[in-house]
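Take a look at this one chain, the form predicted alone, written out in structure tokens.
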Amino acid sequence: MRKPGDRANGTYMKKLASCIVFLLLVLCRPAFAALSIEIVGGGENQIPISVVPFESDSGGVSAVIAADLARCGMFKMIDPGSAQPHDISQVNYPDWKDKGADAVVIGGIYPAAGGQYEVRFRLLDANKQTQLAGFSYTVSSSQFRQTAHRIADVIYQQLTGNAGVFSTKIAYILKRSGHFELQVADADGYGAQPIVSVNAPIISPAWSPDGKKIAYVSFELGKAAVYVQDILTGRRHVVANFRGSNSAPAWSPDGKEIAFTWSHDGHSRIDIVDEDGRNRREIEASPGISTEASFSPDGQQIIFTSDRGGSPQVYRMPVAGGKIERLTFEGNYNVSPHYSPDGKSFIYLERNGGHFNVAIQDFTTGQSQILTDGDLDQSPTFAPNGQLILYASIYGGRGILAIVSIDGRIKQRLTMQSGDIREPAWGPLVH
């Protein structure tokens, strides 16, 4: 795991270059553990909502919907009690108002042709006594859980105005007994699958914009090299294996290029290469260390970490070259920047009184806010709707993942029964 102190004193790349590890790809291997999610803080002005158990719901679709909504911190879950309407004609709106529910979710699961099932749901406004949304999905039983996440996404968007992220994926590194795995799981931690298995560290996973590939750094050749792996087929190829160390991959918004850090002879610079490893070109260089590039949503700018001013800080520059602008000024250590999906802000790590915490800064005002309070928070990554931030932290002496909202109010911890988890990356919205 990368330690902030390593980056601050410039020894991190040297340590990576000295590592010799053996990489073994593991495909279609069953997962034996799942992430456990604990809610440790909720948002203000939560929306009261009741999810009625669906009719004939042996697959637990309505339970997954309710769990998604409860976990995100935006909703106050209202117990439906004995009320079990499945059709809009059975809904008594005054009863739901008496229960304190502003919104009600009803539905059912019914047999369809070809051994499939029709999943129906309605989202109702108890105050206005109207339907806000209603859809029907024809799916197999193996798709029940994903369908529940899709329904939760619809509900979230209808009631908050922001896209839901329950049906997205996350990637992270699991360390257990000196062994490392790059795993992919649903956003709720379910269905974790290792896509790379390693006998020494893997770092810096990064999702392609279409959610089909992950770039990451491995050391199977005796030094850091950047790989891209197709999640479905398991095929992979080397993107950057140039003399020295190659690390910190970041995809361009169109998925055609990857920025990476090239370190050699005590210096680090940012280069860009095509996704297939061709047409490498230098984008930024300084006498010291420049690393951790992140593309703006329009692909025209990058933000990155550099010690050109004497201490690690966040800078911005055009991808095509031009003026380099310093963005962080509070404190003498600010690293690991990432653009927000709307391009209006960025997150980064700030050293604060000996602690390392996630902060967010608005591009227009320059105002920043510290969002977390751990001792060693690392690797922040935005949810694709820009409302939540996933990051690595330490809890109970072990590496965990955590989530915080962009206002700092909603907080979750993601833990595993055994092993440390770190270096998270939140996948994109995929329609």
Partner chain sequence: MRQLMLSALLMSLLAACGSQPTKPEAKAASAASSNGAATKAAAINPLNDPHNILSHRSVYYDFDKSIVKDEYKPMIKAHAEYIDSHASAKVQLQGNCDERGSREYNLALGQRRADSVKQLMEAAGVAGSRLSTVSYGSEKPRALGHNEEAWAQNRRTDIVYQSE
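Values in this document were obtained by computation on a predicted structure and should not be read as measured data. Positions refer to the first chain, counted from 1.
The same protein also has a form predicted in complex with its partner chain, omitted here; what follows describes it.
Undergrad: Its partner chain in the predicted complex: within 4.5 Å of a heavy atom of each of Ile203, Glu220 and Gly288?
TA: Per the other structure, all of Ile203, Glu220 and Gly288 touch its partner chain.
Undergrad: From the candidate stretches 265-273, 184-192, 129-137, 319-327, select the single one in contact with its partner chain in the predicted complex, where contact means a heavy atom within 4.5 Å.
TA: Result of the contact check: 265-273.
Undergrad: Can you check whether Glu284 is within 4.5 Å of its partner chain in the predicted complex, heavy atom basis?
TA: No, Glu284 is distant from the partner.
Undergrad: For Gly164, is any heavy atom within 4.5 Å of its partner chain in the predicted complex, or not?
TA: Looking in the predicted complex, residue contacts with its partner chain do not include Gly164, since no heavy atom lies within 4.5 Å.
Undergrad: Whether Val358 contacts its partner chain in the predicted complex should be assessed with a 4.5 Å heavy atom distance threshold; does it?
TA: Val358 lies outside the contact set for its partner chain.
Undergrad: Given that the partner is absent here, does Thr372 sit within 4.5 Å of its partner chain in the predicted complex, heavy atoms only?
TA: No, Thr372 sits far enough from its partner chain in the predicted complex that none of its heavy atoms falls within 4.5 Å.
Undergrad: Among Ser247, Thr168, Ser345, Ser294, which has at least one heavy atom within 4.5 Å of its partner chain in the predicted complex?
TA: Selected option: Ser247.
Undergrad: Using a 4.5 Å heavy atom cut-off, which residue among Ile47, Ile406, Ala67, Ile394 comes into contact with its partner chain in the predicted complex?
TA: Only one listed residue qualifies here, and that residue is Ile394.
Undergrad: What residues, if any, in 344-376 have a non-hydrogen atom within 4.5 angstroms of its partner chain in the predicted complex?
TA: The stretch 344-376, when checked against its partner chain in the predicted complex, contributes Leu349, Arg351, Phe356, Leu376 at the 4.5 Å heavy-atom cut-off.
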